[in-house]
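Next up: a single chain in structure tokens, the form predicted on its own.
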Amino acid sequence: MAAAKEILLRRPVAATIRLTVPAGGARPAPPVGPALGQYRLNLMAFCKDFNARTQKYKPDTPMAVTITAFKDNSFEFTVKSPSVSWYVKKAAGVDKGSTRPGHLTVTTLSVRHVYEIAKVKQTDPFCQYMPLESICKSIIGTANSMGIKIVQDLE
């Protein structure tokens, strides 16, 4: 019986919008304005809520946002932490990865860096139930595909 009640309480979804917005930098200008405006969502409410949720991050950190727009012009959104590749590039101190990964090594990272990135990514809604070891393996794979070598300790 609970399933029937849950179905009746659901609101009809108009759209699911995915954006990458700088932390603390949501403004009603593009890309946020046109994406939310076409579904007649309250732009200023989203900007204030997003900026309040992301104030703990450094400005200009790219945050992935998934906005669920409902037919009654209301919305919900979830904020994910920045991508693994962004964290790896910041930790390595490079602007972009290798042009030939597997052949050219751009720089090296220690396992300690990988562990710290994994601890941050574990707070993500989609990674919170994954073991830390699995997240670390995924980060190592991302670093290898960017041409960044993982070592035990940096010399």
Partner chain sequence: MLARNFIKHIPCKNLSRHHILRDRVRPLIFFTSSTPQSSFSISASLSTSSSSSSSCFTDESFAAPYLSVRIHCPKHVVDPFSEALLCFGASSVAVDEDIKEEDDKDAASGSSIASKEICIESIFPVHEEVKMCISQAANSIGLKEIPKFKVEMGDEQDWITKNQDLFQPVEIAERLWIVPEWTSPPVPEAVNIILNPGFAFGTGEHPTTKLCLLLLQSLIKGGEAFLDYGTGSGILAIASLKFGAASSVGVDIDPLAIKSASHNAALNNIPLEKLELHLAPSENSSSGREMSLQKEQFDVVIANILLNPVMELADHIVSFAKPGATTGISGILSEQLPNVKERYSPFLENISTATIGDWVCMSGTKRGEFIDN
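Here the structure is a predicted model, which is why all the values come from computation and not from measurement. Numbering follows the first chain given and starts at 1.
Here the subject shifts to the form predicted together with the partner chain, a form of this protein not shown in this document.
- Highlighted residues Val106, Ser110 and Ser145: none comes within 4.5 Å of the partner chain in the predicted bound form, counting any heavy atom.
- At the 4.5 Å threshold, heavy atoms of Tyr115 stay clear of the partner chain in the predicted bound form, well away from it.
- Of the heavy atoms in Leu132, none are within 4.5 Å of the partner chain in the predicted bound form.
- The partner chain is not drawn, but in the predicted bound form it has no heavy atom within 4.5 Å of Thr99.
- Contact annotation: Arg11 falls within 4.5 Å of the partner chain in the predicted bound form, judged by heavy atom distances.
- Counting a residue when any of its non-hydrogen atoms is within 4.5 Å of the partner chain in the predicted bound form, the hits in 41-62 run Leu41, Asn42, Leu43, Met44, Ala45, Lys48, Asp49, Asn51, Ala52, Arg53, Gln55, Lys56, Tyr57.
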